[in-house]
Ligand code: ADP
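We begin with a single chain expressed as structure tokens, specifically the form predicted alone.
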């Protein structure tokens, strides 16, 4: 089996797949790594396979969490043995345009990219390092959230800054690439015209972004140099005039770390509503602040859809995916209504039913709800990397 890990600062999410058939075997997470840690694993049908809690006080940390997970997996799934681990790594920079097998040299290169994704990259790499210590001969594969967007033109990646600055790698990278790659791969099953043409995909969740695809290739993304750019998110502010940062420094006397916490952890839906970062909570609230946060979120999505339509020189389909995109009927409705000028004609009943097609049959631009599966994408990449290397262990 192939284990897929998404390691964050306070949690490790995992899934295990049959290496040959890409069938989901189990899933789960360990959360609260540095507070009161909790573990839960379930099978593909949702039945609980195991739970565990650690008392608060002594932090569990990534090291002990992964050691616990590896012990849990040992012999847990009958007829399967662990042959490889695939990791979601947020930043691959310019050099890494496809998944690669991890080596010490690779780890050193990826560590140098940590300043470009300080809240994600170190934790992604920590999981790789810990597993290498626990089981040094276990193949590990790094799959990058930036790689899918390396098809952007030089113009689409550029900032209007001096070359002395951009030479340090300051450019638009784009993220959520594993999600967009998955959608691009399955889109022909839903809409062959859109797959061969121009599609805007809205990955709407706690982290939100949108991407323009032309013939399945990314040509523009709302996220840029970092994952805080573009759309407002659960706790991230999205696009912000750089002059605001200067104002915070000069007038409010904030330092870099305080501003970092502000724009990554205290803004977005949480900051505007002062209630919650969870869209479900906001939609259920009658508080005016919650309504305003939702209004702002939808407004910004509409603006970015217009920008991406310009980048793609038109649009044949609009796709919703990720937690909010797949589940929030009201958000999809409002976004589609706002995009009516592009030719989106919403089918309210289909939208309420969850799709997959939520636009009318006569709609010039089709609208779809397509669940994403970044973990399956990572499992596929991991298997392909090992197969290309001739690693005989890439069997169930």
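Fair warning: this is a prediction, and the values are worked out from it, not measured in the lab. Positions refer to the first chain, counted from 1.
FYI, the form predicted together with the named molecule isn't displayed, but the following is about it.
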Practice problem: Within 4.5 Å of the named molecule in the predicted bound form, counting heavy atoms only, one of 217-225, 185-193, 201-209, 258-266 shows up; tell me which. | Solution: 201-209
Quiz prompt | Option touching the named molecule, based on a heavy atom within 4.5 Å in the predicted bound form, out of 67, 328, 49, 350 | solution = 328
Quiz item: Tell me, which of 283, 116, 156, 298 has a heavy atom within 4.5 angstroms of the named molecule in the predicted bound form?
Solution: 283
Practice problem: Could you confirm whether residue 277 comes within 4.5 Å of the named molecule in the predicted bound form, counting heavy atoms only? | Solution: yes
Quiz item: Could you tell me if residue 169 has a non-hydrogen atom within 4.5 Å of the named molecule in the predicted bound form?
Solution: no
Quiz item: With the cut-off set at 4.5 Å between non-hydrogen atoms, does residue 110 touch the named molecule in the predicted bound form?
Solution: no
Self-check item: Contact label in the predicted bound form: residue 323 to the named molecule, heavy atom within 4.5 Å
Solution: yes
Practice problem: Go through 125-157 residue by residue and record those having a heavy atom within 4.5 Å of the named molecule in the predicted bound form; state none if no residue qualifies. | Solution: none
